[in-house]
Ligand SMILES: N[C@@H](CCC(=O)N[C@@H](CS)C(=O)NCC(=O)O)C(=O)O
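Take a look at this one chain, the form predicted on its own, written out in structure tokens.
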């Protein structure tokens, strides 16, 4: 079984964590953003990652991968058995994949695309040096494409900041005195939210070797959430449930 992934990606981390949580052996295959389209299109109709390859079976997208694992590797389960809890769990997963995952990507790309060495580390770890060198050659074109696709405008970045903050406040209220987002045990809701926030918390249990954020304004964004209850909760979920 193989997982086509961007090692730094929060969406790929979600699928990778689910595989590890269920102790399903797999080989992570790091592919380079931008050039990845040529690889992914060989297997799937879309160009997004992660993509799980299991013999002739192809599963694209982190949520779909968890669905697949729940069907074929049911224990330990990540989806509540109770119908009401299951609906709540899936609602949180879908909502926070967008409100956290997409918005933090937009906010960080807005600042960090100006630092090619940092982006090269994120995009080419753990690839051979020749690929890291080739990345530097086409990065100016890739940077423009990423900006057009994900950053778009200052107004969109401002809106992303507001939406991200609102989602964090909502999660704080939802957790309250609870240990988990839904029910009394760890679920795909907790895994998804913690994965979406892995770019913010950078937990040591995450398999990617994080580097210091080079941009002062981006560091201020990180500092704003350092004492947020959800930030601490993410670290706790990683410590308790992210065994590789």
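Every value quoted in this text rests on a predicted model; they were computed, and no experiment measured them. Positions refer to the first chain, counted from 1.
In what follows, reference is made to the form predicted in complex with the ligand, a form of this protein that is not presented.
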Just to confirm the contact call: exactly one of 19-27, 6-14, 229-237, 216-224 touches the ligand in the predicted bound form at a 4.5 Å heavy atom cutoff, so which is it? 6-14
Is residue 135 one of the residues lying within 4.5 Å of the ligand in the predicted bound form, judged by heavy atom distances? no
Can residue 61 be called a contact residue for the ligand in the predicted bound form at 4.5 Å between heavy atoms? yes
The ligand contact at residue 49 in the predicted bound form, heavy atom, 4.5 Å: yes
Exercise: residue 97 in contact with the ligand in the predicted bound form, heavy atom 4.5 Å: yes
With the partner left out here, which residues of 130-165 have a non-hydrogen atom within 4.5 Å of the ligand in the predicted bound form? 150
